[in-house]
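Take a look at this one chain, the form predicted on its own, written out in structure tokens.
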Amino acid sequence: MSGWRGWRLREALRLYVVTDRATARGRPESEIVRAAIAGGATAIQLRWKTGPLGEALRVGRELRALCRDAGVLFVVNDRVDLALVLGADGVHVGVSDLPVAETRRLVGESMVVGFSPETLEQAREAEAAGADYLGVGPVYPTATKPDAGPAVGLEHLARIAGAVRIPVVGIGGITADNAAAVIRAGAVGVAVISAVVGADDVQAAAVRLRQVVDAALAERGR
């Protein structure tokens, strides 16, 4: 069974940074991730939508090594095959990807499986099928993921967080100014792209977000 289950997974989901080349302004993923981890990122997701698979393997190996050295959760988005080849800690799938049950069958108990539900019913089904955590959003409007759909809001996040036993992370349009509200709605952490990957000072942006999340969790009694 993956060593990231239980309390360790909840801690690892506090500040979940998702890579994105279009947002990084030409800076390599390794530079972004190194700075994000130095600033307090607790999880890194490799998001690889386009580009050669060989390059994805090269980048993924770099990020995997950085995360392993820092004790940070390393997750691959969508691509179960890439996650397996890289020996990632987890894989994250959505409603248009391989279903959670099939993903779990492929990765066994060795990996964390995350899922992005669009509805409360999908959230419950994913939990029953073996998902370890949920990424709910977009909480706020976002331009980073054009296919993300309209913002679902804090109430939708709170409904899902209150209906499942597995941890929930908020994603979409989250910044240091609104992250505390996401935690108060029931999330154990925030997943961000632009707020960290697109920042002029990636490390400083991660530090500020982590401070906000930690304070909000402490206030909630976590």
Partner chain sequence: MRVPRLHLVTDPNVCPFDRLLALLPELVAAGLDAVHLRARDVPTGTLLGVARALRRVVVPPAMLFVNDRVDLALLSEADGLHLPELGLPVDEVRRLIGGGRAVGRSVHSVAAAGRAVVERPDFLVYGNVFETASKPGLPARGLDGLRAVVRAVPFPVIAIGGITPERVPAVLAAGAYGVAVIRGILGTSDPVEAVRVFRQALDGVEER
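Residue numbers count along the first chain shown, from 1. Nothing here was measured: the structure is a model prediction, and the numbers come from that model.
A second form of this protein, the form predicted together with the partner chain, is not displayed here; the remarks below concern that form.
Participant: If we define contact as a non-hydrogen atom of the residue within 4.5 angstroms of the partner, is Gly162 a contact of the partner chain in the predicted complex?
Facilitator: Result no; Gly162 lies far from the partner chain in the predicted complex.
Participant: Answer for Asp81 alone: is it within 4.5 Å of the partner chain in the predicted complex, judged on heavy atom distances?
Facilitator: Yes, contact at 4.5 Å.
Participant: Going by a heavy atom distance of 4.5 Å, is Ala70 a contact of the partner chain in the predicted complex?
Facilitator: Outside the cut-off, so no.
Participant: With the partner left out here, check for me: in the predicted complex, does some heavy atom of Pro99 sit within 4.5 Å of the partner chain?
Facilitator: Taking the distances in the predicted complex, the answer for Pro99 is yes, it comes within 4.5 Å of the partner chain.
Participant: Choose from 29-37, 52-60, 176-184, 162-170 the stretch whose residues reach within 4.5 Å of the partner chain in the predicted complex, heavy atoms counted.
Facilitator: Checking each option against the 4.5 Å cut-off leaves 52-60.
Participant: If you check Leu106, Ala151, Ala129, Leu120 against the partner chain in the predicted complex, which one has a heavy atom within 4.5 Å?
Facilitator: Checked against the cut-off, the match is Leu106.
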